[in-house]
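As a starting point, one isolated chain is supplied in structure tokens, in the form predicted alone.
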């Protein structure tokens, strides 16, 4: 179709999408609140403003991103000019999650459209209000045969995965990611899998504990802990633990008050199923702060757990909720075995004023991305790739890399006709020694 090739048409469509989203921003914020009491501040910070920024950046740069890139030619092809051409994959399936249901649906969609693809978007059924407003926005922006929203549950997703696609982009859990990868493999369909894992947060004896506590509380309890890059557990030098726990308690109270349930800034667990899963992980005797729950409101208070076992239920899998286990280590040699017990995480955080220690942690452990003396904020830089490694994901996106993710790169050599060196042509007799000498210099 023409929109697959016409950059100007893609840009005009994205400008229209930007206008529709801006006009519907209040509805989006309201839908997020109705789905799981997401506070307006977080909805703007992590959902609508992020998408609007991504749209503006894509609109600004789409022509340069799509332009064929000239690369240095090989001497074997002299004389020639060599290019990398970007083309759309074709029909793309995007399966979005429920935890950031607007942002994680729209951002890959924006890039897929910018790259010239047709898109089917499957938003999460667990956030129906947000899914409905997404469907409304898409209907007002795109032609039906360009971008289409399919709402529904597991059965709808299974039907979509049974079809043949040219590219699949999935954000969600590791178990479902394996199902998606298996379905894609049937047709050798390329995939991006944005998954998760047990993200460690390491704190040594040189760290600024008060500042670390403030930043960790924000990064962990943002979205009620339902964030794939939230710190999953603390690993702190044992002499620092008691002071750090005190700071954590103070920062949680400063953020959400004495009763976080009444705070307008603390969301809820998305549904009862996830609430029950999280509550089953809490061992009352290990709770050192919080631990208050209410099934009718899908509420779990910010909870700190004193954890002494790597084999507990809480440490078996990614938590994905407002529960923060705290483990300790005596010396640096104990850190590696703890981190390596689990699959490669999507994120890793280290708090320290020791540059050598930070550098060693970053270099010695494989993870998707992370921060030194901060949490979560690496996600905000569109110039950094965002994605996992191993079980935490395949592929990466954000910024220009998102456009490249949804584009097939074609290498093209344009050979001149005014000169044609005879050495490569048969018969090859008496040419072997000469070609060996030539290839040594290339």
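Residue numbers count along the first chain shown, from 1. Since we're looking at a predicted model, the values are computed, not measured.
There is also a form predicted together with a small molecule; it is not shown, and the following applies to it.
Checking 122, 344, 268, 86 for any heavy atom within 4.5 Å of the small molecule in the model of the complex turns up a single hit: 122. Of the residues given (98, 329, 275, 256), 98 alone sits with a heavy atom within 4.5 Å of the small molecule in the model of the complex. Exactly one of the stretches 189 to 197, 280 to 288, 333 to 341, 367 to 375 approaches the small molecule in the model of the complex with heavy atoms within 4.5 Å, and it is 189 to 197. Although the partner is absent here, residue 104 lies within 4.5 Å of the small molecule in the model of the complex, judged by heavy atoms.
Among heavy atoms of residue 173, some come within 4.5 Å of the small molecule in the model of the complex. The closest non-hydrogen atom of residue 362 lies beyond 4.5 Å of the small molecule in the model of the complex. Mapping the unseen interface onto this chain, residue 244 falls outside it, with no heavy atom inside 4.5 Å of the small molecule in the model of the complex.
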